[in-house]
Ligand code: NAP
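One chain comes next, on its own, written as structure tokens: the form predicted on its own.
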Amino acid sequence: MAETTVNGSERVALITGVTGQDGSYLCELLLKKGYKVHGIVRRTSNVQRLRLEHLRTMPEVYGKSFFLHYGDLSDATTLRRIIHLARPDEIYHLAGQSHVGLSFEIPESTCEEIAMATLRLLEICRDQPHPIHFYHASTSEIFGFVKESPQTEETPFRPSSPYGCAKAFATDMGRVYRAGYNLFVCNGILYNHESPRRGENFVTRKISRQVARIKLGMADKLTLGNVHGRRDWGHAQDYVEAMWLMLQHPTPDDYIVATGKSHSVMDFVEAAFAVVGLPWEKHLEFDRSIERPIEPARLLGDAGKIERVIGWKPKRTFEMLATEMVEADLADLADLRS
């Protein structure tokens, strides 16, 4: 295991997107490993940040080993100030518009938040007097219209969405800064990863939440678009561990993080209904209007490199993931009703 000190001092990490699914799990992981963790959050009227509220309300943690800073990915001056203040040894860049379907509706802001924000952070890192290990959250969506399956780190980028295009730019820019400026930059090419903390606008959480509602008598139907689309689904907690391991390796590189197993949306529907013991045929209905304009094909990751080089492989199965998500939503909805 890597040391959590640098020259006798605590290791310091900065996370963009700390309030998201991955950011919150990563924050917990780093705190357990003895890091000081700084997170960047947007200024909003709602001071509660649900995925982090348990940490923010712990006086022995918040303000001592865990810190939040207001900032925006479009504001280079504030980003530079936060990095100067925190002096991180590691930056985990997870923030940005992360919904593929939504990127077709807001392509300009998607590219600004993903492509230009990553470039902005890389430029700031290049100017720092101390070396920073930089993790960029890439995605399988950079492969898009794939011609080979499974995909490896050498598979050409052929994105099929504005989101994928923006991530392809950011991923290539990370490679340029690694080769051109000798920065320690790792691109984690993550395939779909879910958890009970996934937003409800993502299909897996939409399914788990609605199945829980149906079980509790709060709803009767689950409405979906294309249920034949296939993904390589893993668990977010497994994947944030892969992020950390990348930055502990002596040399920076790009790694696919995946399970190597393909499942359809319909597979997730069946697994979710099996958790509550209900027949999916009675409750599932279809609406073509909510299908994606373009559906990438055969996205399946070969994670052989990351297992060989740094020893990572997933611990949780697809069935475990579906069960955990449905059971968490059942518990949450039961609490809301009580």
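Quick note: we count residues from 1 along the sequence shown, nothing fancier. Fair warning: this is a prediction, and the values are worked out from it, not measured in the lab.
This protein has a second form, the form predicted together with this ligand, left out of what is shown; the following refers to that one.
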Within 4.5 Å of this ligand in the predicted bound form, counting heavy atoms only, one of 150 to 158, 172 to 180, 92 to 100, 208 to 216 shows up; tell me which. 92 to 100
State yes only if every one of R42, S138 and Y163 has a non-hydrogen atom within 4.5 Å of this ligand in the predicted bound form; otherwise state no. yes
Looking at L121, V185, L190, M246 here, can you tell me which has any non-hydrogen atom within 4.5 angstroms of this ligand in the predicted bound form? L190
Answer with one of R51, R56, K313, H283: the residue that has a non-hydrogen atom within 4.5 Å of this ligand in the predicted bound form. R51
Please run the contact check for V18 against this ligand in the predicted bound form: heavy atoms, 4.5 angstroms, yes or no? yes
Taking 4.5 angstroms as the cut-off for heavy atoms, does H133 touch this ligand in the predicted bound form? no
Proximity of D253 to this ligand in the predicted bound form, heavy atoms at 4.5 Å: no
Can any non-hydrogen atom of H235 be found within 4.5 angstroms of this ligand in the predicted bound form? no
Partner contacts for 59 to 76, taking this ligand in the predicted bound form and a 4.5 Å heavy atom cut-off: G71, D72, L73
